[in-house]
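Presented below, as structure tokens, is a lone chain in the form predicted alone.
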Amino acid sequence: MEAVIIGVGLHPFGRFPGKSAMDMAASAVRAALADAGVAWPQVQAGYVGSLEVANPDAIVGRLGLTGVPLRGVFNGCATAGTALAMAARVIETGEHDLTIAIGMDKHPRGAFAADPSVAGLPAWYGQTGLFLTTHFFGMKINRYMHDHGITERTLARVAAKNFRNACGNDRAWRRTPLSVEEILASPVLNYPLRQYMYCGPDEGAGAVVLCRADQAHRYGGRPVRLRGCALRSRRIGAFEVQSPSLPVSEHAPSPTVDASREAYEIAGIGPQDVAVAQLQDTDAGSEIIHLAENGLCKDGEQERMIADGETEIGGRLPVNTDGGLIGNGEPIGASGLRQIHELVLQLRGAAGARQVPGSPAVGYAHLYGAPGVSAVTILSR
């Protein structure tokens, strides 16, 4: 049984004083239901994710007490990818015909912080500053730049592109364009990454309605095929966030490489078929690394690709057309559903000023986070 997406909804990302994550999620769900032409009592099951909300399944109190089985999920930055994959899986196995994936979060200002013990790490890992994700991403891109000839200007070009794309997205948080020079002039936070090269935790919500492909004609939404979902965790020897040590003689690829290969195989397509991509850009360096880890280029090719404008909306491979995390921020539970929302709009030809030309047929979404977990979703018309 094949699952298709028939409805997407997104609450704007940003800061909304006095508005709860649950209220934002209810707004996103209602938008997704309206897009699908579905009423809440028709939903047979769902998966809802959040970091900050202890019982996100309580959203039924805002939507209607229908008795629907709504299961809470959490998988770090890959939470939304997990919720979507599970909502699709119960359709594929024949358990349900109409399901929903929901994500929400409302993060306080500042970088994510916690006791390292919650991630199974020793106290010294935090005392030395290594538990800061900004520190890790700085170290990772610094090594990558050294190994593959990537320059600081390329980092700035990625950030400038994402701010520029966010200008055409009325749901984005940071919609003020910044030039490459302005970004390079901003303070260094964790070398070589500067202030405007990072995303920020914020607030928002998203929802996606799915149904059996052979029943999509019963509803009002324009279906988009869910071709493949994959999630992988880190292997020993992989250089990942919250890895307290690395073996000298063993080296392994990122879980992104594993998840990407699996998703391509499930979908029956290759990187050359991707027409528009949403990649985890926790920082500008991450977008650069993830281009290669997802098979979209070879290591080191990003310098030329980005200089030539290939990842721009009008380029060969548009990346983060809605502004990505740099433009939208990252409410963890919702971030991956924002990616799906954007890809559905692009594949429908409904993205407005940021629409990719040429009727894109394949969309690619990628998530990555602590402690080294990656999710990939492939969509097509």
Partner chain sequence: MTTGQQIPVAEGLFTWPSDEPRLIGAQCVRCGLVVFPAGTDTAACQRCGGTEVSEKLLSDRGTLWTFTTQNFRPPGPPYDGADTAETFQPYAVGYVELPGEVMIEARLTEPDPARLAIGQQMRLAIVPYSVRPDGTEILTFAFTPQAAAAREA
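Residue numbers count along the first chain shown, from 1. Not measured: the values here are computed from a predicted model.
The same protein also has a form predicted together with its partner chain, omitted here; what follows describes it.
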property: Every residue of R164, C167 and A277 near its partner chain in the model of the complex, heavy atom within 4.5 Å; result: no
property: Distance check, P223 to its partner chain in the model of the complex, heavy atom within 4.5 Å; result: no
property: Contact test in the model of the complex: G126 vs its partner chain, heavy atoms, 4.5 Å; result: yes
property: Exercise: I236 in contact with its partner chain in the model of the complex, heavy atom 4.5 Å; result: yes
property: Contact flag, V188 vs its partner chain in the model of the complex, heavy atom cut 4.5 Å; result: yes
property: Stretch in contact in the model of the complex with its partner chain, which is absent here, among 249-257, 94-102, 174-182, 153-161 (heavy atoms within 4.5 Å); result: 249-257
property: Heavy atom within 4.5 Å of its partner chain in the model of the complex - residue from R304, H217, H146, K298; result: H146
property: Its partner chain: the contacting residue among I269, L132, M86, A119 in the model of the complex [heavy atom, 4.5 Å]; result: L132
property: Within 136-158, the residues that have a heavy atom no more than 4.5 Å from its partner chain in the model of the complex; result: G138, M139, N142, R143, H146
